[in-house]
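Two forms, one chain: they're shown below as structure tokens, one block per form, named structure 1 and structure 2.
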Structure 1
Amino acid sequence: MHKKVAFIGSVGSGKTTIINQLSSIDTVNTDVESSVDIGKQFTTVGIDYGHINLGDDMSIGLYGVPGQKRFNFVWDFVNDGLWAVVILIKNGDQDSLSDMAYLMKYFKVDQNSTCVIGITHAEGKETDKFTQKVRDLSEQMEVNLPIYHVDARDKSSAMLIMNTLIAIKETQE
């Protein structure tokens, strides 16, 4: 059985990086040089893809979507038939927080969804104030989601997200 996990979030939140850490295969990377100033040189314009095997009968596809809303037509290809969603938010970034609300609506994240929020770019700079803003926004949207500080470059940190999704699914079944 193949399961589909979407990695969503603002530009530069770590979607491509975390998929690279989690995947057991070489990933499909759709980064290109950005034609507009987005705060970084390269940006995702298609669907990044990675894969995890969980045994003979189960695998997880890791789908990373562009963070720029102008590429939201790509999101629809990933949004259908999702098993779980990972929302990545850049620590301390108000735009990333605003994108969270938009993305939760677009991907129809509700209390019945299997979803985890990962706050990235926080290594040693975690702030209870920003984490509380993320928690408050989640509650405003009437969703109580696990929230972690994750380093998208670190496999064990990335695995915390995947293990949490699996644990949530097990409790829902």
Structure 2
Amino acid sequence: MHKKVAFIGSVGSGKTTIINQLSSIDTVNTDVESSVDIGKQFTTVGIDYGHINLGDDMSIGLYGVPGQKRFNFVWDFVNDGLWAVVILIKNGDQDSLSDMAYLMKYFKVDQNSTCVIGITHAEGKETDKFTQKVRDLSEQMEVNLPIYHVDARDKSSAMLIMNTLIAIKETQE
């Protein structure tokens, strides 16, 4: 049994870092040197893949998927048999917000979905206005999802996301 968790977000939103925190194997990634200044040297252009092996042929695949629309051919692959979605939004990044609305529609995220929204790059500078924009957008989509400020470099943030996905699955009636 193989289940998929998609970590979707725009450039520099922390997908690769979170998958690295969780994966039992070395993450397979398709990072290349960034051609624009995004505050780091490498960024994901295709798909990242990590893996949590649970034994007895059970595993969770952790798929890091770029949030930009031009990568929607990758989304189709991940969407098939999807177990949970994690949308990562870079604090203060308007493009991430636009991507979020599109991604939620594409992945058919609704109130019953197993989905967490993580706002990254906000350590110590959480802006209520931006958080409120994320909440407003979520409400416009008629969903009331967990919205957390997370630090992709901190393993406890990755665990919080997984813990929430599990709790949502466990309480599904």
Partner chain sequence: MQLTVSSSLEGRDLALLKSVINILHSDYAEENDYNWFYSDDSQHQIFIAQDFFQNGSEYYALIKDQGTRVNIGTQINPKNLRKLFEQLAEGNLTESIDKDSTAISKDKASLLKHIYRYMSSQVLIKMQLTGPSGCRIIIDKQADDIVSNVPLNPSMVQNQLFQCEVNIGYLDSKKEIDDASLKFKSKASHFLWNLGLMQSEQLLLNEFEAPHVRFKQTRWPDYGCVKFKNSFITMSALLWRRAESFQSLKQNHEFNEQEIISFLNAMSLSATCIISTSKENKVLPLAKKAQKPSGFLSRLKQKLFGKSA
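Residue numbering: structure 1 sequence, from 1. We call the rigid core whatever largest set of C-alpha positions still superposes within 1.5 Å between the two forms. Computed from a predicted structure; not experimentally measured.
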Structure corresponding to the form predicted together with its partner chain: 2
Core-superposed C-alpha of S113 shifting 2 Å or more between structure 1 and structure 2: no
Core-superposed C-alpha of E142 shifting 2 Å or more between structure 1 and structure 2: no
Distance moved by the D56 C-alpha between structure 1 and structure 2 (core-aligned, Å): 5.0
